[in-house]
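Quick setup: one chain, the form predicted on its own, written in structure tokens, and binding and motion questions come after.
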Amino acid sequence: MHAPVIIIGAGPAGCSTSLFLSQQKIKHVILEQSEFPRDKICGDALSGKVVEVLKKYDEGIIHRMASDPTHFLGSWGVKFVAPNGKALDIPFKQNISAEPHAPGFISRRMHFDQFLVNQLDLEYAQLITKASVVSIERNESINQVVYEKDGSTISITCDIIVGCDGDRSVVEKHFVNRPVAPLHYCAGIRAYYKNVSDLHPQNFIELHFLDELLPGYFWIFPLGDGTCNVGAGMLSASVSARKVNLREQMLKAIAQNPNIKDRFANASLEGKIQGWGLPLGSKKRSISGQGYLLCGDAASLIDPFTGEGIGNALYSGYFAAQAIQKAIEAKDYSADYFALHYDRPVYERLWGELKLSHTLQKLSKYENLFNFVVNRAHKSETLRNTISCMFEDLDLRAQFRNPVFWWKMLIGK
């Protein structure tokens, strides 16, 4: 069996690639090792970039999400809590009355990924679930993928293979096999808690920058079913250097932190505390080559500061489909062609944000600096509005790299 394109992984990156390939009427096969609905360890936050990409495909998708608050809870902002315990509410939009729906959502990955799979156009996409990839080989100009399903071993060839299979991607391992870089990798754990109190009325996500987790944070993200996604993340290099046990630190914060413990007094853990790795986009890498492309976590595109990866995964799938369409027309599947038509537009769109987030990640390890910024923002409405606008305007966010910005803050302007 031969297909022009094989996508490995049907998560957000894989579904995004499929949706936009279908728009171009390009037939393709998706191999997914699980069966839907299936869970995925994640923070469950869907940023404004998720909304942006899905609107490029079909604006109706966002309206369907917004009309189902049980599975897609609209979120209007973020609460930053400094190490000194002072909190700062930052709305994603200044005038929410003018918005038809929330700028972001929170949704369990079991629901969101199933929702995306339901959007696939089966006229062009053949989804094969419970397919475990055994091997990938490239012979001359053809990729050969061997996978197992229901006890049978099946071989399929393609011109282009798209790795959307997350951290420890089999596609990345075959074509690149980069070692894990602890300075560009984050460890995370996640759990679900019922009956957490004092949640924001506009469903703000909460990032608590506890001194024992810097550079990293403890989070509380409300969900529409009355539970909260609760977790902690920290740079792997710092976890190793300081011998931090993330599970212990998360439970300690829930039990002892004065700003957190009372809110969990009547809360109960649902299920297990689970961990996973986050390959960060804090370093530019080659994300394609001869006959292949990497998307989402397989391409290490997670935001270094917030840990958000779904929006970047969807964007990479969008650009992958564009590059594939051009490559098929040109009959050119070379590394140079994909570097120009895939790597370049991905980083033109995302690198400014990723680079800035890496700067913020490095700044966040300085507890006194974080406390200072939040204290200043409490006193200055102008600064609060500036930080809020930074969620909408990348040029404003870039002020964090400008020494003049810090000087004005220091002198109170």
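All residue numbers are counted from 1 along the displayed sequence. Every value quoted in this text rests on a predicted model; they were computed, and no experiment measured them.
Not pictured, yet referred to below: the form predicted together with a small molecule.
- The shortest heavy atom separation between Asp165 and the small molecule in the predicted complex is within 4.5 Å.
- Proximity of Ile302 to the small molecule in the predicted complex: non-hydrogen atoms within 4.5 Å are present.
- Although the partner is absent here, Tyr292 is not a contact residue: none of its heavy atoms lies within 4.5 angstroms of the small molecule in the predicted complex.
- For the chain shown alone, Ala45 is a contact residue for the small molecule in the predicted complex, at least one non-hydrogen atom being within 4.5 angstroms.
- Residue heavy atoms within 4.5 Å of the small molecule in the predicted complex occur in exactly one stretch of 253 to 261, 128 to 136, 91 to 99, 321 to 329, and that stretch is 128 to 136.
- Not one of Ser22, Gly60 and Gly317 comes within 4.5 Å of the small molecule in the predicted complex, counting any heavy atom.
- Though the small molecule is absent from this view, in the predicted complex it lies within 4.5 Å of a heavy atom of just one residue from Ala237, Leu214, Ile189, Leu223, which is Ile189.
- Though the small molecule is absent from this view, in the predicted complex it lies within 4.5 Å of a heavy atom of just one residue from His358, Arg376, Lys365, Arg38, which is Arg38.
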